[in-house]
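Encoded as structure tokens, the following chain is the form predicted alone, with no partner shown.
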Amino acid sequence: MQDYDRIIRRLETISKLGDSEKEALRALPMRRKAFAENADIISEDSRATECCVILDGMAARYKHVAKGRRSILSIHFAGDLPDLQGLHLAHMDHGISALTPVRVGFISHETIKATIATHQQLENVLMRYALIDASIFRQWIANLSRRTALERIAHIFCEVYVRMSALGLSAPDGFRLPMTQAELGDAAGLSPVHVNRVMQRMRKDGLIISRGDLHAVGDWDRLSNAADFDENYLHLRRDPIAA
């Protein structure tokens, strides 16, 4: 798949694009750069002049708290635009790092603003994307504040599975989530030991089937029920996953 097609596919999971919007996206100049696993793509407190799009690999939005501890705020896949808010905010109040080796495209703010000034529908789609980002944030806040440890981890797995399936990034035998137990802990507010216990229970109960970082859903109804998961907050343009 071509790089611009990844952006188009991602945006079309939430809104239909016309031919003119697709052509406008393909005309955007893009600077490409590769990042190693764990490298910062965008540093916290930096002043961004470009928006980034994940072209290959997986990244995480994060924020540091006291004593250098890290909280992962969201997970991002090929086609995602994780710093779109940089178009309107003066500095980055969080960072974006590579969970795997990633390839990233950078598009200048000026170019994006000039393009959406003449393509109202594209501006609407990008606004919808930003609003859905906020919807995902609200769900992650609820995940951390009110759900049990098992519900938190199961919910992350459900979200990753649904989003990767919508993007065509999953496979018949499952989906890859190359996150360490420490990274899952950063995303769920749990210690690596606690994450290990939860993962063992999920496998024992047949909710997931794991071989390394390749995971298959053992029983979607039971997994989504255990996670208190309802995909409506993702606002995807497709039917819900069948059981």
Partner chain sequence: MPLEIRPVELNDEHDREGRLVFQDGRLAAILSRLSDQHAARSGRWFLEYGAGPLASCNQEFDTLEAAANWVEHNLKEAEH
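Being a predicted model, the structure only gives us computed values, none of them experimental. Positions refer to the first chain, counted from 1.
The form predicted together with its partner chain is left out here; the points below concern that form.
- Taking non-hydrogen atoms only, R47 never approaches its partner chain to within 4.5 angstroms in the predicted bound form.
- Remark: R211 does not count among the residues lining its partner chain in the predicted bound form, judged by a heavy atom distance of 4.5 Å or less.
- Heavy atoms of P192 reach within 4.5 Å of its partner chain in the predicted bound form, making it an interface residue.
- The closest non-hydrogen atom of N38 lies beyond 4.5 Å of its partner chain in the predicted bound form.
- Of the candidate stretches 50-58, 193-201, 214-222, 25-33, only 193-201 has residues whose heavy atoms lie within 4.5 Å of its partner chain in the predicted bound form.
- Contacts with its partner chain in the predicted bound form, taken as any heavy atom within 4.5 Å, map to no residue of 118-154.
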